[in-house]
Structure formats: C-alpha cells, structure tokens
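Just the one chain here, laid out as structure tokens, in the form predicted on its own.
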C-alpha cells in the first residue's frame, strides 16, 4: 500500500550486507537493505562471489539513484523539482528533467488506459478530503468545494511540449505518490541490469520487481498477505521472473462519517472519496511504475470495470473484496498464470 506520506526525504540508514548460500550451488544471495520514501527497501542479488568493496560501491550507487528520485518527485522536499513546478505560476513554461518527463508520460498512459481513473493532479482533492500530509479527515467536503477544486485538476489543465511544462492554473499540483515508488523500483532494476547483474529481487515498501533465478535455479516466489490489520496470513503465492508486482489498498487509511466509510483513494472524475468493498488491488506488469499506477486505478474503477479491462488488455489483476468480514477474491486470467501450484 502506498500513499502520499511515503514521499518523505531520503533517509540514509546503516545498510546490512549479508549473504545466503544455497545447498548444492556455488551461487549466493547478497542482501542490501535501507530506507527510502518512508519505507524499507531491499535488494537481493545472486552472484558467485562479491567482495565487501563491490557490495559497498553497489550500495552507494543504489542510494544515489534513490536520492535522485526523491530530489525529482518528493512533494515533501521544498528543494525537489516537483515542488518547484508546483509553485510555478500559470501560463509560463518551465523546463523539466527527462526523469520527470518520463514519469509524467507514463502516468498519462495509465490515465488513458483507465479512462481517467489514474490522475497525477488529484493531490488538491486528496488534501480537501483531509488525506494530505499531516491531514486528519473528519468530515465530507461540500459539493461546492469539491467542484471548485475539480475546476483546476485534471491533466487537461497542463501541457508538456518536449521538456517544457506549462499549467493553466497556478493552483494545479502534480502528485506522483501513486507511481513514484514503482518508478524507483524500476530505476534500481535498470541499475542492476547495467552492471551485468541479471538475477535479483528489488522491494521498496512492498512494490517488487524480480528477475532471473534464485541459486536453486527457480523463479522468485512472492507471497501476497491477507489485507487485514495485523495479519501475516499468505493468501496466494506468485512465481515471478522479469515482472513487477504492486498492491494498493484502503484497509488502513479511511475515515467514517455520516454512516459511511470513506477511503483515501479519490475518484479524479467525481472528486469524491470512493466507497467500495475492494480493500486490496494487486497488479503484475512488466514495469513496477505501471503496476503501481494500475493498482491505484483499480481501486477507483471498481470490480466490474477493472476485471473487464483486465480481460480486454490481458492485464494481471487480483482484487480482494470485504463483504461484511468475508473476503472475496477476483483474479484475471493473466494473473492466474503466475500463481504457484
């Protein structure tokens, strides 16, 4: 699960470097652990042998890449690129980095696929409902206030010509919290590939990309936990090679008012908090940024719409509904291909 509070400044902690040897294999798994975006990250890689110096240099490169992502996309950092363009006046172009351009274009692609269910300008609506940074939601916003904020949200209110970004209203804000963590996973995967490391597992706060094999020559196995507080029960296990997994859910972040339960997930088209039985959406995709964004959009679209889209476009999607305490699981045909037997 990922929300706006995960985009904190990069936290550098002591990194644990360990190795695990598989029986009857010369290969070992080396682990690099740390903190980023308010989450733990873990990189596990398979190699015949790596020296402490090699692991140290790899750790330094990993943390450098994570720092770049934060300096580009963190709304919590006043010195970040996204904070700068969010404070930029209307109708005045500003040149943005290729890093930011790539993630904006990826976001717009998912927005198109999901008919607007994913929208990186939804931040002001999230804040209006009380789910923004340090927000404590207590009441439902008025229809007038929702409509007022909706008037300056939506990707139609900004343009991107090459690397020149322009917004129509100075109040428009970009918030990449629904895709940034997945993007960071992709960046680390690309980093490992560039160094000739092709058997690895990257995990940032539960967003995952796995490639190659473990030392026993088997795919990486990922367990999906039951989406309930304090539960560690695994409801399904997935066999992954060259794919990403991301999960979104509302079972920990909501408020109750006027007899209803209101999720932190906001429908960009209505401006309202969604009321749904879906408590978890898991997506498998070639890129973790795509999986991350689609998982968020799945919560907005609802069971019927997202499962229909999954069948039409061969998307690997699993939804979990809570019907008065009883969990109901929906899995697309493509998703079922990854379930271990």
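Residue numbers count along the first chain shown, from 1. Not measured: the values here are computed from a predicted model.
Another form exists, predicted together with adenosine-5'-diphosphate (ADP); not displayed. Remarks below refer to it.
- This chain lacks the partner; the member of 266, 202, 184, 244 within 4.5 angstroms of adenosine-5'-diphosphate (ADP) in the predicted complex by a non-hydrogen atom is 266.
- Look at 176-184, 219-227, 78-86, 92-100: in the predicted complex, residues with non-hydrogen atoms within 4.5 angstroms of adenosine-5'-diphosphate (ADP) sit in 176-184.
- In the predicted complex, at least one heavy atom of residue 249 sits within 4.5 Å of adenosine-5'-diphosphate (ADP).
- Residue 282 falls outside the set of residues with a heavy atom inside 4.5 Å of adenosine-5'-diphosphate (ADP) in the predicted complex.
- Among heavy atoms of residue 126, some come within 4.5 Å of adenosine-5'-diphosphate (ADP) in the predicted complex.
- Remark: residue 122 counts among the residues lining adenosine-5'-diphosphate (ADP) in the predicted complex, judged by a heavy atom distance of 4.5 Å or less.
- Along 87-105, no residue reaches a heavy atom to within 4.5 Å of adenosine-5'-diphosphate (ADP) in the predicted complex.
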